[in-house]
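A single chain comes next, written as structure tokens; it is the form predicted on its own.
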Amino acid sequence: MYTVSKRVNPVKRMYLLLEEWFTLSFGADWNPLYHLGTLTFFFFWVVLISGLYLFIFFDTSIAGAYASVEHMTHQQWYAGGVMRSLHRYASDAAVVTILLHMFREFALDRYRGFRWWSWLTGVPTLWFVITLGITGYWLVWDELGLYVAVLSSQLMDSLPVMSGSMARDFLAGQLTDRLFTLMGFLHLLGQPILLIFAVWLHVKRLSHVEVSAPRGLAVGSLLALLVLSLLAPATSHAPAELSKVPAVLHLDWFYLNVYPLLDQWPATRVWMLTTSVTLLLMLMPWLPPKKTGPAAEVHLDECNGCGQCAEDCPFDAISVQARSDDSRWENEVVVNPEQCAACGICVGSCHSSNPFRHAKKTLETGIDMPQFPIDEVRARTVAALDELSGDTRIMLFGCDNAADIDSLRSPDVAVLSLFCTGMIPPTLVEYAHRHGADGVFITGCRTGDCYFRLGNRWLDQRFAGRRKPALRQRAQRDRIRVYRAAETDTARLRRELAAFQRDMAALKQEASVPGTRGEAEIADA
């Protein structure tokens, strides 16, 4: 029998409290912590558009680079100056959202197990972003640009594959326009192409990837960047002079954080530090590893190859292929066990998961979870309802990765926790009503923050009739309530459940009066 054990994670609990504060401030739809990935894409767009504008007026030569940037900053402050500031602050904002995204995945334990690929490929993506910013500071060719260029050359020259000539070019004053133009090419084209490829790898094992931030959040972020650009415009240091040592440098710590170490340490030691940190971050999914449950299994006898489970899979673990047996159906689905998250969402997608089928024998479906098959879900639902002794019988379905519902069990409330609420076939709600539930209460991860990405969304769309399999029109929707809650929301969940119980008690009382609407609904059911 499937059981789940929940452990309290202090880091997760603190983060959920922070997330709750942002929801209260911005609302669930615009909570920036729910949209860190799409916000990063949005900031990349701002960086790209502003960068293309700046490059139109940029002189890719040693003699003209600084002058062209200064002209845009001061003589064309209303356009070029704003664009430069937007370019700078959007770049910083992208690093902030990436770091927050990484911390969020760590705090919520969403970086191990089946998610190892996204974390492993995400760490190098951060370094691609940072190196892109470093070359950008080089191109300004002010005192900070020279500082970055010289120390970057020392880092490169310390590698065994380099000849050690880059730093000598600076010391000897032999830096040419050709090298400067090459850096411009790398910043404008070479590094962005590598970054796009890294992002593609990062999301390769995900389906239904969103790249657009909510409009209100995007507009608000852009306005904030514009205001910051006007109040604190980005400016240059003094022009670069190889013979002069700058007294004060204003570093961008998001991109240039390791450079001060080169004033104290040899380049090889800095490489050892950054490489060690990178490798440690990349190995975190296995320190320690997290087990993922058995992958979903396809039962071809019950599968018609409709492909709904493949469409709904959040991690692109299911594909539709030509039929391999003698069935009359054209296609079948195949599960890639290495990418399967064992979320059970595919079970809720399958039309064969209807619990009304095979009422007197084992319920088999086209795709199922071997550790918690739909037949066991049906049986445990009925058994839990049979144990109730209260006047108002509530069936509570929960999620293993959200609020712990075991504490809500009572003589009036039966509880059953699933891998994800997206695992619930809509007909299971009607089935619970048919077996004595006065109401069905569903809780799970917070709205906009499903542990398995899409379970909440698919459940809502199925109940609204916008996604198959849909909740039938005849279902008693006033006897169904969805209220989502995380580990820190148990008190509010308890209050919401109590309110639902009162509503169901009122409906039950109304139904007991002869000739009322409630009595007619029960007869139809």
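Residue numbers here begin at 1 and follow the sequence given. Note that this is a predicted model, so its numbers are computed, not measured.
The form predicted in complex with ligand HEM exists for this protein as well; it is not shown, and the discussion that follows is about that form.
Not displayed here, ligand HEM is approached by residue 118 to within 4.5 Å at the level of heavy atoms in the predicted bound form. Residue contact with ligand HEM in the predicted bound form: residue 234 places no heavy atom within 4.5 Å of it. Although the partner is absent here, residue 81 lies well away from ligand HEM in the predicted bound form, with no heavy atom inside 4.5 Å.
In the predicted bound form, ligand HEM sits within 4.5 Å of a heavy atom of residue 129. With the partner left out here, ligand HEM still marks one of 119 to 127, 392 to 400, 426 to 434, 265 to 273 in the predicted bound form; by a 4.5 Å heavy atom cut-off that stretch is 119 to 127. Residue 98 is the only one of 98, 384, 139, 258 with a heavy atom lying within 4.5 Å of ligand HEM in the predicted bound form. This chain appears without its partner; in the predicted bound form, the one residue of 199, 155, 442, 107 with a heavy atom within 4.5 Å of ligand HEM is 199. Along 433 to 457, one residue reaches a heavy atom to within 4.5 Å of ligand HEM in the predicted bound form: 453.
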